[in-house]
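A single chain, nothing else alongside it, follows as C-alpha cells in the form predicted alone.
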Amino acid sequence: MNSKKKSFLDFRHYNDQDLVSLFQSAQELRSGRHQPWSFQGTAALLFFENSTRTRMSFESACWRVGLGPVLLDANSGSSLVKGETPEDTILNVAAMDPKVVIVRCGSQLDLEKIDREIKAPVINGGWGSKSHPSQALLDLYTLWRERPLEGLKLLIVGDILHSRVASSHFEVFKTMGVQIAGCGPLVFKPKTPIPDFQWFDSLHEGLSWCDSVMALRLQLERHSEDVHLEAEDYRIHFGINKNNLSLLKSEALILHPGPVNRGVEITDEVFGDSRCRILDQVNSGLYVRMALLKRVIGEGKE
C-alpha cells in the first residue's frame, strides 16, 4: 500500500551495517544522550497471544519515544468474542490512524497481507511458530555489547523446532557471522535443513563446543500428539545446572528469551552465575525496541 513504509516483519531488508546502526542507536538511547521527544501520536499494540516481556517493553518503548501505546489484549474482552476476525480487528484499529501497528499473533494470520492492506507500518511482535524478529534483535544486541560476533559459537538448547525465536535467530545471526548449533531431544531438531548448522545429542558436548549458550522454553502449547516428552526427563538430560556450567568457557554468556521454567531448562544456580545475562536481555529489549520504533516511524538512522 505504501512502498516507503518501514514495516519490520523479518530481516530480509537488513544487512550487517543496518544491524550495527540499530545497535548503535540503542546504545545512544541507553546512555540518555538524546533529545526528549514530543508527543507524536499513538502506537497500536494488538496482542492475540499472551506476553509479558514483549508487550511491556514495547509499551515502555512507545512512551519513551513519544508514542502513546493503545493496547488490545485479545484475552480481555475484545470484539473477537462476538465473532470478529483478527484480520478485521486489525483493519479497524488501523483505520484509527496509529503511527505504527505492533502485532503478536498465531501462524494462521497473514501479517504480510495485513501489511499490504494498511497504511501504518507493521512490526512483528511474535508470529506463531514462524518468527519473533525483535527478540532475535535484542538477543544479538546483548551479545554484541560484550563479545565480537564474527566467529562466535552460540549453542541453542531445547525446543528449536517449535520456537519462533530460534527461527529468527537462524535468519539474522548468520548476517553477523555467528555460528549456531542446536542441542536437545531429536524430536526438537529442525526438519528443514539449515546451512552450516550442526546438532549435538549430548549437552556436555554442546557446552564444550560453544562460546555462549541460550536455553529455550519447552513450547508445550505448540506440540502435536506426536511429541511425547516428560519435563523431568528433559531436565535430567538437557537442563543447564551448576554441574554442567563448569563445561562453559569462563567468558561465555548464558541467555534465555523467557519465560523461564525454573528447574526445567535452567536451575536457580544459573541465575546467580556471573555469566548469566537473562535479565540483561530484558533490559536490552527496551532500548532495541525504542531504536526499532524510531527507525520504523522514520526518525532512526538509515
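This structure is a prediction, so every number in the text was calculated from the model and none was measured. In case it trips you up, residue 1 is the first one in the sequence shown, and so on.
Keep in mind that the form predicted in complex with a small molecule is not shown, yet the notes after this line are about it.
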Requested in this report: Work out which of S60, T52, Q40, N241 lies within 4.5 Å of the small molecule in the predicted complex, going by heavy atoms.
Outcome: T52
Report task. Indicate whether Q135 is a 4.5 Å heavy atom neighbour of the small molecule in the predicted complex. Result -> yes
**Report entry** Contact flag, H169 vs the small molecule in the predicted complex, heavy atom cut 4.5 Å
**Finding:** no
Query raised in the report: Does the small molecule come within 4.5 Å of any heavy atom of H162 in the predicted complex?
Result: no
Query raised in the report: Is there a non-hydrogen atom of G258 within 4.5 angstroms of a non-hydrogen atom of the small molecule in the predicted complex?
Result: yes
Query raised in the report: the small molecule isn't shown here, but in the predicted complex, which of 263-271, 43-51, 24-32, 232-240 has heavy atoms within 4.5 Å of it?
Result: 43-51
